[in-house]
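Shown next as structure tokens: one chain only, the form predicted on its own.
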Amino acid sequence: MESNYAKRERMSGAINALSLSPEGNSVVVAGREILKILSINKTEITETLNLRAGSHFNLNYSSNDVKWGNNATKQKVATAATNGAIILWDLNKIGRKAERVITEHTRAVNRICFQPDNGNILLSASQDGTMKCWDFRDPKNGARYRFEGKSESVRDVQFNPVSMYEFAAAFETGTIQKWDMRNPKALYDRKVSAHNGPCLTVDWHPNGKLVASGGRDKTIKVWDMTADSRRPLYTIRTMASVSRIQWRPGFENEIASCALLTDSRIHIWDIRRPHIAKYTFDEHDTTPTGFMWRNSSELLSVSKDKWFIRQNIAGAYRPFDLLKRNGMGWNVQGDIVFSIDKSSRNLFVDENLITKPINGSPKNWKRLGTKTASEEDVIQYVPPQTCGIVHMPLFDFEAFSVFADNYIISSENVAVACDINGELAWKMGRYRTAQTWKIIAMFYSDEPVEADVEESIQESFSFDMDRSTTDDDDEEDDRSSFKVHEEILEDISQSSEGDIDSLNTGTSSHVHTMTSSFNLRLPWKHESVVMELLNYYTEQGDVQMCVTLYLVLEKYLNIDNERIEDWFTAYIDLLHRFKLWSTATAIIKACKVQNVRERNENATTINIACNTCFKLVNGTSSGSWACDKCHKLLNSCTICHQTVRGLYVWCQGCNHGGHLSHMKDWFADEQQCATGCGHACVLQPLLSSLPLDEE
């Protein structure tokens, strides 16, 4: 969409590259089907010349790259073709503009570059792995110099803007090489392994000392080509492979980049703050294929969406403005960490917070704790922040771990399980939980309720019969008492709730008096109370209690599988966070829901970590005997220092061990670890029960 900050011009075909004229008022755009000159002014973009007008289709005209000459060749344009040809176009020539065709490369030419102060010198980078230099003042068409990069292909070349004889080249192998044209027969001056994968683009800093590179590994790196260090000064990590980069003129710390795939934006980065782009242009529909700075505020870009766009930095949006200034997070132990940004919104990088190099630093700066200028460049800007950690007692992780390890989850004996769980909760100071377990134990005790009621009634009945034999005068009262007992027994058998108040007898007061002497314990249903308990703990978020209650009372409860799955999933996730792997496995095994049980059935792989650096060991099918990170032997014997290939015995206290036979011989006379760590290892019971294994 057209705006005050962006001007567009639609081309007839996809555009692969562009180049700006020395005066800055014209630009040439090139692609497989187009090669045109555009005129740029403050208000509009107009096409002034079509270099392919009247030409038949030819692979020589299918361009990968284009460059506008300078000085003596400021009226000439060079294009690099997909078939390996390089064509020099004369804009002042009448008729067909093609002046010279060079066909010395055997494969496609990826990039071309004019020498900054001498437009007669052209350098090319080809897919055939060579770089060639031409001097257009030479009447011969042959290359003046030929450089072998010892690589499959050369992706980019750029002349040093300060030292005109030096150039840098990017290679398919991910390396960067610096060459000096004054020593054409010699090998490169310097080589840097820059990227994991192909290095796609390079660009010299205006100071002539730094080189920026971009690669398929989604990084932009800045290198000091005058130092011996093989580490980059700065590294910018992007979201996609980097195809083009260019330093922003007038801003020594800013560089622009575009992606090879997936990202259609152009980002401007500040190398001192590499984690977020300072500006972003989002005008193209597809990934840009090329861009150039017209000046420090205007950027020209092209893409395969056929659009040529001139955009101003004032119209770019700033991702920095979308960032939240404060952050907060917590861990499973209940610790809350917070960060408050104290930097100014107006400054992307506060210069006052960057330590300046110390002039005249002594040679023994390492000993004094100071840094030299070259070391100072590596320091990146860190926004001023206030950070802190606060412990919020919202979750008792210690009690959670103790309950997870010691709770009884078996439903074989409910009363015993509830008593043990209740005593454990009481010892941990969880009195409400202990009370819950005691109540559940009362509900589901094994005492026969109905038998107790009948036995109490029969005892009272026999007592009344004795009274009738000794006192004939009260015979009628005994009969009435007998009738009352019959009514009580009948009503109890017919009552579903067991509430003595519901007995409709003619002598209710007499019944209450007698039942108190009977010590009746009437049966009642507990499901509603238990479900209220489960609902309460669900609302409280105590999934540990929900799962444990369900497992203990599983045979008495009828709960839908969806709710059970929610409980178990949340509880297992908590167990994994606290690294209670064995308890989590036992909980998964005890669950009857298939979706939960599948967690233990998906894989049978056991991952191990290095006992030195604790890095995960990525072994092969035949095993792994050394760590990939620290390259130290795994499971080495503390006696013979060789890798144990077979039965390995170790102490879980200090993690030291070795061959079974060696451990048996050592601990026959010793009590402490053989490594000298001072730990009193307890291996004797295990060693006495296992056979010797020399391997």
Partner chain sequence: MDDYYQSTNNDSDFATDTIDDQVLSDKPRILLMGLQRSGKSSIQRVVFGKMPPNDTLYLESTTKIQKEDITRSFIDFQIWDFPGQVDFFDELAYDPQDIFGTVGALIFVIDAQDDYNDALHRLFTTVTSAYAVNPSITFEVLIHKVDGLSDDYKIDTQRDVQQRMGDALADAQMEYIHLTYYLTSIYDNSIYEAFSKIIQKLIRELPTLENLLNVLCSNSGIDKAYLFDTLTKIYIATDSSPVDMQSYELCSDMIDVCIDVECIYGPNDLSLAQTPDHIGGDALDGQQTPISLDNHENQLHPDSDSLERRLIDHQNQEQNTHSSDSEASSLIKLDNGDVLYMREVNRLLVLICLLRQDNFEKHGLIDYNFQCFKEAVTEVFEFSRKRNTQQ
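Residue numbers count along the first chain shown, from 1. This is a predicted model, so every value here is computed, not measured.
If you look for the form predicted together with its partner chain, you will not find it shown, but the lines that follow are about it.
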Of the options 230, 576, 100, 342, which one has a non-hydrogen atom that comes within 4.5 Å of its partner chain in the predicted complex? 230
76, 155, 132, 284: which sits within 4.5 Å of its partner chain in the predicted complex by any heavy atom? 155
May I ask whether 43, 248 and 346 each come within 4.5 Å of its partner chain in the predicted complex, counting any non-hydrogen atom? no
Evaluate residue 150 for contact with its partner chain in the predicted complex, applying a 4.5 angstroms cut-off between non-hydrogen atoms, and reply yes or no. yes
Taking heavy atoms and a 4.5 Å cut-off, does residue 555 contact its partner chain in the predicted complex? no
Spell out, yes or no, whether the shortest heavy atom distance between residue 531 and its partner chain in the predicted complex is within 4.5 Å. no
Could you tell me if residue 237 has a non-hydrogen atom within 4.5 Å of its partner chain in the predicted complex? yes
Given 253 to 261, 561 to 569, 310 to 318, 290 to 298, the stretch touching its partner chain in the predicted complex at heavy atoms within 4.5 Å is 253 to 261
Taking its partner chain in the predicted complex, which residues along 13 to 38 bring a heavy atom to within 4.5 Å of it? 32
